[in-house]
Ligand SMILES: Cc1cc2nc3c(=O)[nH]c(=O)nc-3n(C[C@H](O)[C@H](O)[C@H](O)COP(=O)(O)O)c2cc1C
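Below sits a lone chain in C-alpha cells, taken as the form predicted on its own.
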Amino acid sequence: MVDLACDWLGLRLANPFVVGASPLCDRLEDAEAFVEAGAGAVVMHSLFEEQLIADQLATQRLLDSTIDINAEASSFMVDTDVFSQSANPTLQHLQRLAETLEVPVLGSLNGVSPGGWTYHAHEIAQHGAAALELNLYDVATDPSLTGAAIEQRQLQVVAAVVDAVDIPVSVKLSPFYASVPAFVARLHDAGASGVVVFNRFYQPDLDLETLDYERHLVLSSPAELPMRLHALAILHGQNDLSLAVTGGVHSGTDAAKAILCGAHAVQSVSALLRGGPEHLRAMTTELAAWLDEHGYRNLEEARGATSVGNCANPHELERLNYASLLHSWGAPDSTR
C-alpha cells in the first residue's frame, strides 16, 4: 500500500491533491464533495483588491445619484444592506469552509496596494485560513519600470504580508522572470514558506469586427505541464520552500511527473471543472497505482527523483535537451 500523505507549507495532507483557487469551492456542498473524493486541501477563489475598490466606488456613485431627486426631501439614502461593500461575504464563506471541512483551507489574495495586501491578508488569517496564497500578477506597461523594480516591489509585499500574519505564506508565480531560481531564493529570504508554479495569465483576445476585447476563459490542457515540470526540476533542493504545481495537471500520471520533478503538492482546477469530484478520485487512484507499480512506498521516495540536481552539469543538460528536441522533428515518435 502506497502512503500518499505529505507535508506542504507545514501542513499535513492525506495526499498531495489540492483543489486550486477557483469557483470549485464557492458552495460548501461542492467543497465537501471534493474533500469526500479525496482532496488533501482546498484553496478559496482569489480575493481581488481592485474588485472591492470598484464595488465601493460603484456604491458611492449610486448613493450620490439619489441625492435631491425627491421633491419632499433634500436627500434620500438607499438601503445598502442589499449589497456588499466589503470582503465580508468571501471571508464568511472562508470561515464556514474552515470550520466544516476536515482538510486545510487556504485563502488566496490578489492585491494592488501595500496596505491592501497586508489588511486583507490579516483578515483572511483571522477567518480561519490554514495558509495564504499570494497571487502576484504584475503586467508591465510603463517602459520606465524595470524588471528589477517590479521584483523588488513584489518582495516588499511578500515580506510585509509575512510580518502581518501568523500562517504560512505561499507565492503563486508567473513564468516571466529572467531568473525564476534567483527570485524564488529571494522569496525564501523574505519569509515565504512556498511557491506555486505557475500562474496562468488569462489574456483577452481581439475581435476584429468590433475592435473590442474578447474575454473567454480557456481551460488548461496537459500541454501546459512541461514548462511547470521544468521549473520544479530546477527549483527542487535549492532551499526548504514547499513547491506546488498548478496548470496542466489532468491525471494521476501528470501528478506523478510533478512529484518526480520535486512537487510537494499538486493543484488542479480545469480537470476538476470538467470531471468533478469523481475525476479527483480517479486521479488519486491512478497516482497510487503508478507509484506502487514502480516500487515507491511513499511520496518522499519519489519526490525529486528526476530533478536537475541529480545531474553533474545542469546547464549543459538544459542545452542538450533543447538541441535534442529541435532535432526530434520528423522522427517516428515526433507526433506523440
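Start at 1 with the first residue shown and count on from there. Model, not experiment: these values are computed from the prediction.
Not pictured, yet referred to below: the form predicted in complex with the named molecule.
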Item checked: Heavy atom contact within 4.5 Å of the named molecule in the predicted complex, the stretch among 159-167, 89-97, 215-223, 186-194 -> 215-223
Check: Can S22 be called a contact residue for the named molecule in the predicted complex at 4.5 Å between heavy atoms?
Finding: yes
Check: With the cut-off set at 4.5 Å between non-hydrogen atoms, does S46 touch the named molecule in the predicted complex?
Finding: yes
Check: At the 4.5 Å heavy atom threshold, is S174 in contact with the named molecule in the predicted complex?
Finding: no
Notebook entry, point to check: Using heavy atoms and a 4.5 Å limit, would one call R200 a contact residue for the named molecule in the predicted complex?
Noted result: yes
Check: Of the residues G262, G252, G248, P104, which one places a heavy atom within 4.5 Å of the named molecule in the predicted complex?
Finding: G248
Notebook entry, point to check: Which pick from V35, V308, V269, L291 sits with a heavy atom within 4.5 Å of the named molecule in the predicted complex?
Noted result: V269
Checklist line | Contact set, 90-109 vs the named molecule in the predicted complex - heavy atom within 4.5 angstroms | finding: S108
